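The data below hold one chain only, encoded as structure tokens and taken in the form predicted alone.
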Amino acid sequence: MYSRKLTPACSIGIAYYPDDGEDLLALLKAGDTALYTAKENGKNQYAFYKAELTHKAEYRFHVEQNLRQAIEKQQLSLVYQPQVNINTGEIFGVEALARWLHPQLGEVSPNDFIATAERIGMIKPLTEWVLRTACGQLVVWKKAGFSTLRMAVNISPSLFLDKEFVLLIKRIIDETGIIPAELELEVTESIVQTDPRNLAIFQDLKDLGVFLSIDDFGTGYSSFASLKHLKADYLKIDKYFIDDMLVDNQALTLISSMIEMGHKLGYGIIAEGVEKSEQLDLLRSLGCEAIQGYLFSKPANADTISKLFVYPVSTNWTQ
């Protein structure tokens, strides 16, 4: 015989009578809504019911109900944001970003519908559509004479670790006819671990010839030991740091350290969320080689972005 210590934990939703409901059914519904909020906040917590929680839950339900159809019928759209060489002003790539404008719900935030796609098991068809559409657009731009571009696409951590993910990427490359090095896959720090499975996927993708970037670098829980082994090409410094770099010396020190460390490990550096010329000047002085942000262009449709390929960067640099 042996003893085992049990540590009970629970999430609790709290509803008051009669403020939150005048009968048992209404109270249970309010309590359940509050319980969902407690779980969303990290579990093993409690939350009180508020009227806005019902509106939030109803909105989430409508997003979930309509998203499956939107993905299956390809009712979403893509916008693109340029990635710019910080010294020459040359656009060397664009990042594809999904958008969803629903007739009744209006503009649904990517944070909402991507999280929902994860929850209902639709992230794979969503990402496959984004990859195929974005790579198809790259082919259109190449035929128009813009042949030095690279297309960046965000990949969900859960999909990245899917056993068929590498085959999916190979199929997209074969179907669209792009060169593998013209595709850049962006993955978040959450999968940057020394787990052999993660490292093997990185290696398989590099064997295909695609580029790999660690997105939102500095905001997650990446293992520095992993960076030593990963076959990635770029570190993308998150907008969180860029926003504060002009007023916070600690943020500036962290950015400087990330750039220096990245270069010493053989990574290229892309700074996200650059909105001010002063940020650009500082990043250039620190040795950062590429930027992405409103200083050059907001995410826009393919036709609008195409015009940026034609006109000199200097005419758009301070917009």
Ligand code: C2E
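Note that residue numbering begins at 1 and tracks the sequence as displayed. Because the structure is predicted, anything quoted here is derived from the model rather than measured.
The form predicted in complex with the ligand exists for this protein as well; it is not shown, and the discussion that follows is about that form.
- Between 246-254, 288-296, 260-268, 36-44, the stretch whose residues reach within 4.5 angstroms of the ligand in the predicted complex through a non-hydrogen atom is 288-296.
- The shortest heavy atom separation between G218 and the ligand in the predicted complex exceeds 4.5 Å.
- At a distance threshold of 4.5 angstroms between non-hydrogen atoms, M151 is out of contact with the ligand in the predicted complex.
- The ligand in the predicted complex is not approached by E182, whose heavy atoms all lie more than 4.5 angstroms from it.
- Although the partner is absent here, Q137 lies well away from the ligand in the predicted complex, with no heavy atom inside 4.5 Å.
- Screening I214, I91, I155, I71 for any heavy atom within 4.5 Å of the ligand in the predicted complex leaves a single hit, I155.
- Comment: the ligand is not present in this chain, but in the predicted complex one of I191, A98, L205, L235 has a heavy atom within 4.5 Å of it, namely A98.
- Scanning 163-186 for heavy atoms within 4.5 Å of the ligand in the predicted complex gives just one residue, E186.
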